[in-house]
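Okay, here we've got a single chain as structure tokens, the form predicted on its own, with questions on binding and movement later.
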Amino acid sequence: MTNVKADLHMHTNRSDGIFPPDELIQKAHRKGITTLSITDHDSLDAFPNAVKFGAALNVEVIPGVELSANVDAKEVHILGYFLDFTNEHLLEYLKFFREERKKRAIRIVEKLNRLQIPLTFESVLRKSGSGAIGRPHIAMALVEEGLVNDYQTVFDKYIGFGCPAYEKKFNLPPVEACALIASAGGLSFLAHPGRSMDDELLKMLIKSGLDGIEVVHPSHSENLVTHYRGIVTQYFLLESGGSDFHGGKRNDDEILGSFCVDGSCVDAMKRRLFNQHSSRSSLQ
């Protein structure tokens, strides 16, 4: 795949992104992105329309998802790529996750109310629409209602980890998250491990069934990119990367198109999937 510019981590308004899938694909296309993956949190609602819309612009859209997993008290995110978005097993799980998100959001709003912050759950729903509800929707609603001055303060003072209105999210163990992605024919990648990922935790996650690591990400310095690229080589893993684009931030135009991987990464994923399929077929 020559001249491929791939952003494999993007969010739409089907979870906590700003733009509808078609608008996001158009924006990516204008930035020269030829391959992208929509990886909404706990949702495949962007598909199959996003795949069809991308094809009309000659943009390959890879069906993806971002799941949360827990290791002891630490939350990690796992990206799934090349998913069968019609897989009933996966769709049932995602429906359950979204319901748990809704219950969590209700509990957060109740805690905020006890802190004398009169946010209504209806105002949060207006921000999330039909998408998977997340804390960003609560933060946006608080700012829009004039109850808190700015978005980051919401997390720092109220709903971030350890804050008075924080509520833990329901998460799978990593091995179950990877198995769920595999059951829908997909590949599992550790999202944005950053600088806080210690070696023992990383080894445990690799043993849980990861196919690869998100090496390129806005939160990764050049040194971290080099470090995780070395881990990928050492453990015979695959590499991915992307902008983690949500929309709505001042530097979005700079981020979009600036954190990409080339066609060799996408080719390697497809070869891994082909080999896995061939191996399963030979055993039947």
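Residues carry their position along the shown sequence, with the first being 1. Predicted model only: the values in this text are computed from it and were never measured.
Same protein, other form: the form predicted in complex with a small molecule, not shown, and the subject of what follows.
May I ask you to choose, among 155, 121, 96, 170, the residue with a heavy atom within 4.5 Å of the small molecule in the model of the complex? By the 4.5 Å heavy-atom cutoff, the listed residue in contact is 155.
Only one of 89, 114, 74, 195 comes within 4.5 Å of the small molecule in the model of the complex by heavy atoms, so just point that one out. If I apply the 4.5 Å criterion carefully, the residue I get is 195.
Out of the stretches listed (80 to 88, 132 to 140, 206 to 214, 172 to 180), which one is close to the small molecule in the model of the complex, meaning heavy atoms within 4.5 Å? Result of the contact check: 132 to 140.
Are all three of 41, 101 and 104 close to the small molecule in the model of the complex, meaning a heavy atom of each within 4.5 Å? Yes: each residue has a heavy atom within 4.5 Å of the partner.
Is residue 220 part of the interface with the small molecule in the model of the complex - any heavy atom within 4.5 Å? No, residue 220 is distant from the partner.
Contact of residue 246 with the small molecule in the model of the complex (heavy atom, 4.5 Å): Looking in the model of the complex, residue contacts with the small molecule include residue 246, since a heavy atom lies within 4.5 Å.
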